[in-house]
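Next up is one chain by itself, shown in structure tokens, the form predicted alone.
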Amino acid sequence: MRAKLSVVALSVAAAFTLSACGQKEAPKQAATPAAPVTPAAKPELVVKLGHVAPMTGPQAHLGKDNENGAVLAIEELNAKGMEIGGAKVKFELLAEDDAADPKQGAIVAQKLVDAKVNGVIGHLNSGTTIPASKLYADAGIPQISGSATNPKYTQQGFATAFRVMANDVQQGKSLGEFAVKQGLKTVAIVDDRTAYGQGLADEFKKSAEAAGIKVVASEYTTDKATDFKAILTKIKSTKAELVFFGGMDAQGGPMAKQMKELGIKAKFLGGDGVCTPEFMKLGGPATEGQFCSLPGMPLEKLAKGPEFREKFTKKFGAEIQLYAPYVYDAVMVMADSMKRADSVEAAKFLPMVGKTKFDGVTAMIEFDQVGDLKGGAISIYQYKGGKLEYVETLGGANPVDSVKADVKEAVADVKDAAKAVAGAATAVGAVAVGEAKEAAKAAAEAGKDAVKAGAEAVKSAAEATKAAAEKK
């Protein structure tokens, strides 16, 4: 029995051994490579900029031009991927229509305040910009206009109000100077009773009268009128040599046309509001040879001007009407201020707006203590062959003249430095010569003393020799 058990035990052990020997070692699993660490995406920061202009009514073409300038700037900023406060910024434009109406302007301004926009670009018209600016100031929202020129806008004492073009004081003065240079003696003035039109006309009148031009008529219209024959008939009787109009192209074009129809020989002169392709379209052949003005230098004469015109035309398939380059710069200044402050909070970047020094399309943009553009050059144009032809620039700082002045100043500095070096060299030479003379004099004195001492020594020796001989 025990033998059987032993055999069985041996058999079981052998079977277990064979089974164990027949098993294959399980293959080791390859280590799974660690997944690459993906850096966490930077948070996105949405910055809302309000833009207000007339998108309906007779000035809608100018409003669209302004809006296009803002859209172009926004798209370029987003394409660059600006970062502020460690977050990627996405700019959004909240566009509103104020129809060039002050009441509507206040309504949409409050709408933007309620939307908590970070900043406002606009409004287009001084008449809507001025009342709206109070609402933005109360809310602490920075506002940069690319077209409102009435001086009152920045003279209200609001720390939030800025503009990137010359004001009507600068423009009216230059227009008056230009009229005098044309040898004109009498002028009739017409304005549209808006903050812009009346403000510009008043400044022109001051400048013209100060220069000796006689104002023979002052007439008024509205920014909605299209028939001016009644007031033009009165002007014709004065035989004025010049008709100055403070207003926009929607009225200026028909006015120039009706002047010709009535046989008025006077020249027509207006500000930036009539310096547009639309003025020529509405006025037709009557606009030929007439004059207008625009703040700043012509785009063609500015370093970034031609490039901007090309980009604008390519994107929108339309030519620049008037203020688009200024609105573009206004957006860029707002964004640049945020970048320098490293914050999009109005309270934090507002102080940076006032400290701006931005090389824009239209100018080197810097603001004075009230928010006006420093410099304020005004360029005169003449309508010729359906185009605006540049005549000259008055006031402000002509970029070419500024460069010449900088070079002249640098040359003067070099000359002064050369004189100083020469003077220093002469002085050093004089000191050296003086010191040499003093040294020579001292040596001569020392020589004299040595000779004298030698003579005295010889004399003493002679006396001693004589005494010794006498003793002998």
Partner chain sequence: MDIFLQQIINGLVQGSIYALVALGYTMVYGIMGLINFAHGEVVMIGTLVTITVASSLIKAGMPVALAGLAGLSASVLVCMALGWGLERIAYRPLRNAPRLTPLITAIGMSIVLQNLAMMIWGRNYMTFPSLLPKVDFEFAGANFTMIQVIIVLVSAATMGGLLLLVYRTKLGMAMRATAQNPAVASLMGVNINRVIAAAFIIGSALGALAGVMVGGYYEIAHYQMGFMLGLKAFTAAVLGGIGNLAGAMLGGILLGIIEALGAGYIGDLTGGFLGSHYQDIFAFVVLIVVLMFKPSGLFGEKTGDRA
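A quick note: this is a predicted structure, and the numbers were derived from the prediction, not measured. For the two forms, the rigid core is made up of the largest set of C-alpha atoms that agree within 1.5 Å on superposition. Residue numbers count along the first chain shown, from 1.
Absent from the display: the form predicted together with its partner chain. The rest refers to it.
Contact residue in the predicted complex, chosen from Ser343, Thr313, Thr222, Gln382 - any heavy atom within 4.5 Å of its partner chain: After the contact test, the surviving option is Thr222.
Identify which of Thr186, Asn78, Gln182, Thr233 has a heavy atom within 4.5 Å of its partner chain in the predicted complex; exactly one of them does. Exactly one residue meets the criterion: Thr233.
Considering only heavy atoms, tell me if Lys304 and its partner chain come within 4.5 Å of each other in the predicted complex. Lys304: no contact with its partner chain in the predicted complex.
Lys48: touches its partner chain in the predicted complex, heavy atom cutoff 4.5 angstroms: Outside the cut-off, so no.
Are any of the heavy atoms in Lys257 no more than 4.5 Å from a heavy atom of its partner chain in the predicted complex? Contact with its partner chain, yes.
I'd like to check something about Glu177: if you look in the predicted complex, is any of its heavy atoms closer than or equal to 4.5 Å to a heavy atom of its partner chain? So Glu177 does not count as contacting its partner chain.
If we take heavy atoms and a 4.5 Å cut-off, which stretch out of 236-244, 68-76, 84-92, 354-362 is in contact with its partner chain in the predicted complex? The contacting stretch here is 236-244.
Contacts with its partner chain in the predicted complex, stretch 257-279 (heavy atom within 4.5 Å): The stretch 257-279, when checked against its partner chain in the predicted complex, contributes Lys257, Gln258, Glu261, Leu262, Gly263, Glu278 at the 4.5 Å heavy-atom cut-off.
Relative to the superposed rigid core, does Asp98 relocate between the shown form and the other one - that is, does its Cα move 2 Å or more? Moves: yes, 2 Å or greater.
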